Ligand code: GUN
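Quick heads-up: it's one chain on its own, the form predicted alone, in structure tokens.
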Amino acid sequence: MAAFAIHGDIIWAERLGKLEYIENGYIVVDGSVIASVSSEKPQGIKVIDESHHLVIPGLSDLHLHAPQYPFMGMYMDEELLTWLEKHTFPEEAKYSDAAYAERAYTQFADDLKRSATVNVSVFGTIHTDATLMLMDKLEEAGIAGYAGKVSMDRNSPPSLTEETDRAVEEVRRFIEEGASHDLMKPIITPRFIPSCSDALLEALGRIAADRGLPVQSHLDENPSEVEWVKELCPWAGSYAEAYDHFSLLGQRSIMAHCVWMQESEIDLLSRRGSYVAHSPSSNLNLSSGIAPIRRCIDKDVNIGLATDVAGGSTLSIMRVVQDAVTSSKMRWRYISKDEKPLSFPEAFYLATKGGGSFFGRTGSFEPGYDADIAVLSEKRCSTVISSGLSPAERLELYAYRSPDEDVVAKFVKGKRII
């Protein structure tokens, strides 16, 4: 691909808590990566004029459930385990029907394409062929990241319960057939410990180690779930220790939610280099609680943001940025005065470079980073003072006034997909 530049009001975060910006700046893209960012107009290359628009790094969503998208925004009156039983599992069972999966995943991928999200780590269902279809749809939409065929062999409805050996065989088939994609790659996906036997967890940990594959699952989301894991794994000192026992915690592991972690679990995730997928919108919707994100930051745990659709009621990571800040204030006010609330620049960092680091060099405009870029329209943010605001102030205004992400252009690894 030939080099080109994007002209606009450029804003990004290279480190936690600090926004960098250049008004009327230029991002030079060379092939698939960022070559430079400056206020000087480059010569001899095409310039895409996005004047007066905010130009940000593409956002990363570390945890969401594609098959739950059809009922996103519904059934928020129950807590996690009841919600799964009454609504989630019946919906996910429908993906044994290829025609249904085709319709649902087409809509999901099309809508995700129009958002500011570039990288995802997404759950499918236990159905191998449907999850391969999901990878195809996301690849066609230009989205990058990981998709996982879910593994479940116990404590699940019959329509979603696999025989253990067959579950392992299907994971291996999913890996083989999914490896040919360019943008989307397979990820090992035990749903959570209550739905996976020790034998299945052991096999998945072995496959992940042998193939060098990442892992995604759920950890300490809801009090009733945590108590259930204590009953199922009495030999483990904690939920996180149970995953670690099966070699499912590591630098390429994402643990979603992490609301009810013990201090020892935070320490364990820090030592292993695992990622927390912070899902504040979902945690509020399902009455799960408020995750101790400041404690995780203080102990150098890797953190990114996640919509957790359909626990979360939007595909917008910008809305999650807002909820991450708001929920941290409530944790500071009502739970722990020692945990300083997140600032807006901190939450934006988690949405970009923080979570993006799981996918490689993405989420920043530093030279050599992937050219993952979103251009935002502020048409719904106009106020009588907006013309005098800095790009940093405008970005915060955008996150709170237009969280559904009015995206006018989007680039993934230098390729324009909107």
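Computed from a predicted model, the values in this text were never measured in an experiment. One-based numbering along the sequence shown.
Keep in mind that the form predicted together with ligand GUN is not shown, yet the notes after this line are about it.
With the partner left out here, ligand GUN still marks one of 169-177, 279-287, 244-252, 135-143 in the model of the complex; by a 4.5 Å heavy atom cut-off that stretch is 279-287.
In the model of the complex, ligand GUN lies farther than 4.5 Å from every heavy atom of Leu112. Although the partner is absent here, His53 lies well away from ligand GUN in the model of the complex, with no heavy atom inside 4.5 Å. Within 4.5 Å of some heavy atom of ligand GUN in the model of the complex lies at least one heavy atom of Gln68. Residue contact with ligand GUN in the model of the complex: Phe108 places no heavy atom within 4.5 Å of it. Although ligand GUN is omitted here, in the model of the complex all of Trp83, Phe192 and Asp308 have a heavy atom within 4.5 Å of it. Thr88 is the sole member of Thr314, Thr88, Ser327, Thr128 with a non-hydrogen atom within 4.5 Å of ligand GUN in the model of the complex. The single contact residue among Lys149, His218, Arg331, Arg319, judged by any heavy atom lying within 4.5 Å of ligand GUN in the model of the complex, is His218.
In the model of the complex, His257 is the single residue of 251-279 with at least one heavy atom within 4.5 Å of ligand GUN.
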